[in-house]
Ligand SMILES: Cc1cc2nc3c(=O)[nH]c(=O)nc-3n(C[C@H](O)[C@H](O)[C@H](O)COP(=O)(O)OP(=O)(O)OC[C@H]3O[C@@H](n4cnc5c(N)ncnc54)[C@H](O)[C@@H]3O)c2cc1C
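Coming up is one lone chain in structure tokens, specifically the form predicted alone.
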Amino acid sequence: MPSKPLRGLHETLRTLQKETAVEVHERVDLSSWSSLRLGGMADLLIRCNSEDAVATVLAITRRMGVSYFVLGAGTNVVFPDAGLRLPVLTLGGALASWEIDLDGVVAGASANLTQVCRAVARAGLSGMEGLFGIPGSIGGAVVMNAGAYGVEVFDILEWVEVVPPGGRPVVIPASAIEHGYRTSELRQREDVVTRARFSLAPGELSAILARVREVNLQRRAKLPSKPSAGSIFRNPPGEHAGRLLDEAGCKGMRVGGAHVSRTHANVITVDRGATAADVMELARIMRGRVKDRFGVVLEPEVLFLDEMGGRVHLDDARA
């Protein structure tokens, strides 16, 4: 049963649903919101379909002293088996669209990254080809500075629109946002990313589409078809996590319904009946094997959560 603060938040937001672009849902199965198909029930899920809706919800949560977890496409997160006791904030509606111009694209945070990459490629704009096929949303890709095949988001990001708690939407230049390999300061901020603009360059259509096909084929050849969250660990400096995990003998390892892919040693896939605890314990064992053999401590690329939306560190994870 939702806590008293969440019940109060639900009642407050429910009165606004007819006036604002906000949808409120109780007891939502998180496994349907995760690429791993894992996780318990979320007490409350709030869907905001415009920047104004985000601003309204954040103002209310701040006034009521309620924390929240912002969910993108659920491709880089492991929800706890016990579910989430804080509200889950997700975006849709107008924030799932994009608009292409002569030298770039403005995309809503909940727009699908691969769909945007495909659209700009077909429009003859170059710069996003290497991002094609990365699962997830535009907002999630910006926050974690996603990248592959020679390009990362901040290479082409011009600006980000965010909604701060209790405030109105503001635009921040990409140059003003600290970022690094698979991370940005947006991960630590309470601001909610709502839109982003990417600067691209006109190019030869046939060459752009050929590069997209090449990236797609390479990605499909490397990754398994079973449910997964993509790469479990970040690449350490000057090295590939997949190679270290492979040489440490991790391929094929299993804990419960979770097992390391035989296609890619840095990917955990799951069978029906697997649990988040299985995935976390397997990731902990994989990390330990690499540390024991190479002295390298791998850092997770996926986000393991506890019931209150906090990050679970693998050193603390036990089956």
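Start at 1 with the first residue shown and count on from there. Bear in mind that the values here come from a model prediction, so they are computed numbers and not experimental data.
Keep in mind that the form predicted in complex with the ligand is not shown, yet the notes after this line are about it.
Only one of 183 to 191, 97 to 105, 234 to 242, 168 to 176 places residue heavy atoms within 4.5 angstroms of the ligand in the predicted bound form, namely 183 to 191. Using a 4.5 angstroms heavy atom cutoff to the ligand in the predicted bound form, all of Asn76, Leu91 and Ser228 count as contacting. Contact check for Arg213: no non-hydrogen atom falls within 4.5 Å of the ligand in the predicted bound form.
The ligand in the predicted bound form is approached by Arg219, whose closest heavy atom lies within 4.5 angstroms of it. When the ligand is considered in the predicted bound form, Leu303 lines it closely, a heavy atom lying within 4.5 Å. Mapping the unseen interface onto this chain, Leu223 counts among the residues with a heavy atom inside 4.5 Å of the ligand in the predicted bound form.
This chain appears without its partner; in the predicted bound form, the one residue of Gly72, Gly83, Pro87, Gly127 with a heavy atom within 4.5 Å of the ligand is Gly72.
None of Val116, Ile134, Ala248, Ile156 but one reaches within 4.5 angstroms of the ligand in the predicted bound form through a heavy atom, and that residue is Ile134. Residues Ile134, Pro135, Gly136, Ser137, Gly139, Gly140, Ala141, Val143, Met144, Ala146, Gly147, Ala148 are the ones in 132 to 159 with at least one heavy atom within 4.5 Å of the ligand in the predicted bound form, listed in sequence order.
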